[in-house]
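To begin, one chain is listed below as structure tokens, in the form predicted alone.
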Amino acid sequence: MTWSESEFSNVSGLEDVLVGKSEIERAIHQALLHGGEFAEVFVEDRRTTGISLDDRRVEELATGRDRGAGIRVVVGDTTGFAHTADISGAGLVAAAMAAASIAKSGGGGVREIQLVQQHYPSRGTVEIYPESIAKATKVALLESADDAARSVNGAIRQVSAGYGDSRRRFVVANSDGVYASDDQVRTRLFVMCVAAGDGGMQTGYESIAYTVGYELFDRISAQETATKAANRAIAKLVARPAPSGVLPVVLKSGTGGILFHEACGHGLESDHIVKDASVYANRIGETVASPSVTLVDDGTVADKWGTSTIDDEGYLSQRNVLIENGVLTDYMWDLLRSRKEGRASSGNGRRQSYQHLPMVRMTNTYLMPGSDDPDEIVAQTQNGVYVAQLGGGQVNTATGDFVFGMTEAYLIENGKITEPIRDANLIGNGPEVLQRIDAVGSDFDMSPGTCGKDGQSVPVGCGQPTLRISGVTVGGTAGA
């Protein structure tokens, strides 16, 4: 199995990560021979670096390499799975037989398969591979971020900064004849600042994360990222208590994508749908949102945190429209669930590593821009809350109920953004929020995130234009 430079950029060393095509075919044949109806081999090599700096002290500097294979065998509705760090031909066969025995004891028969290698153009070009950069240079990057944050204001008392990069190379093949590979490079930086004043201690956070190499820091400076975090902490020192009650809320572009990821996106993953564990189950063709809402999951957006050439089952990443002009049009699908429905995968089969089974997951999920002027959306909101940054949250996919933290927000008074408010929660219901979106801006931005589901974490992107929700519960401590 070989690649040419025209098909993959900078693939030097990729071949030694993967096992040969014949070994993969043999493992799949053995799985089918021992009773499997479907078999899949996923071989992965991952290199990672993580550095954390706390008040200019290096608290952690870790590099790692993890390589192995996961074998999945399906018999009827039963899935057997085995993973191994031994990626030799013998190791793959042993894992395949173990997975087959889990799926079905005994069995027999032979099913012939032919693997046909797929060549897909890469979603992006890496200019500087992070592993080529010295660790001291990466530490110096964090130190420069620390300096920039402290230079904003003497009230900054503590700065924490973190750097991470990963290079994940894998090949995946299955008994349907799929045989594909990908080389994914991701780089990220975060800065958290603590400011102290008469109002106590306040925090500010900012991060950048893209599916690119170390050239990220030629595009976006670490110092600028740190300055944003520091300014957030400083602004909150004079913040008022957040109001409470049902209020109009304007979400700044990019910051609210996580709300729709959690409150709507998870409910549109087909594993929840087939279990009838989603508020969106059996509602294709129904109006589920305001006519101004078009929701998309798109693994093809250049450089974004959830982007990849193929998913972890070997299928091409796609742009999938889930809600169009308020009407539910489709769900997200992985391989096994799409096979049962007699349709193609939507490229949403993802796994944390070779040690995990793939499942239906989002990639980059976002609301499409509209035609409203972002400034006019604020000006036409007499009184409400302007959310510039959302934090973490949780959602019940069966009901759509959610709670999200606001980590940077301001009052809107007489159509103008005025004073900052302290951290508080947004509380609501996903389907109801979609119906209450009454203005959608012409701007757009995205933010990175890490999505957890059933014990697995994967990188995702979230995005949306500036928009207004006509009414949502703000869980503050002051009267509305």
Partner chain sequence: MPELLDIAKRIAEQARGEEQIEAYVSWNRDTEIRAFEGEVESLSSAESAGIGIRVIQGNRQGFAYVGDLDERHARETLEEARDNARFASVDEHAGLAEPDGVSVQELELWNDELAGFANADKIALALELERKVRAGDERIRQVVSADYGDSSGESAIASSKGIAVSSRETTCFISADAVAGSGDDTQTGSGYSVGRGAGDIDVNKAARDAIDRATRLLGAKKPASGRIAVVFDPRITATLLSILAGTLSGEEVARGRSLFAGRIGEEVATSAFTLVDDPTDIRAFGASAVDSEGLACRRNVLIEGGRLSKYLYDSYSSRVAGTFSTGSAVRGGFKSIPGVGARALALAPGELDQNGIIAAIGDGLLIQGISGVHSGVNRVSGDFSVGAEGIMFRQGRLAEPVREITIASTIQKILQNVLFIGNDVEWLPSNASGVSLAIGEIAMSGA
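Remember, predicted model here, so these are calculated numbers, not experimental data. Residue numbers count along the first chain shown, from 1.
Note that the form predicted in complex with the partner chain isn't included here; everything after this is about it.
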*Quick one: is Ile220 in contact with the partner chain in the predicted bound form, heavy atoms, 4.5 Å cut-off?*
no
*Can you check whether Arg351 is within 4.5 Å of the partner chain in the predicted bound form, heavy atom basis?*
no
*Quick one: does Thr307 come within 4.5 Å of the partner chain in the predicted bound form, counting heavy atoms only?*
no
*Given that the partner is absent here, does Gly428 sit within 4.5 Å of the partner chain in the predicted bound form, heavy atoms only?*
yes
*Do heavy atoms from each of Glu60, Ile102 and Lys135 fall within 4.5 Å of the partner chain in the predicted bound form?*
yes
_Which residue, Gly393, Gly164, Gly326, Gly91, is the contact with the partner chain in the predicted bound form, using a 4.5 Å heavy atom cutoff?_
Gly393
*Contact residue in the predicted bound form, from Asp373, Asp303, Asp401, Asp176 (heavy atom within 4.5 Å of the partner chain)*: Asp401
*Considering the partner chain in the predicted bound form, find the one stretch among 194-202, 295-303, 249-257, 210-218 with heavy atoms no farther than 4.5 Å from it.*
194-202
_Heavy atom contacts to the partner chain in the predicted bound form at 4.5 Å, residues of 67-92 in sequence order_ = Arg67, Asp77, Thr78, Thr79, Gly80, Phe81, Ala82, His83, Ala85
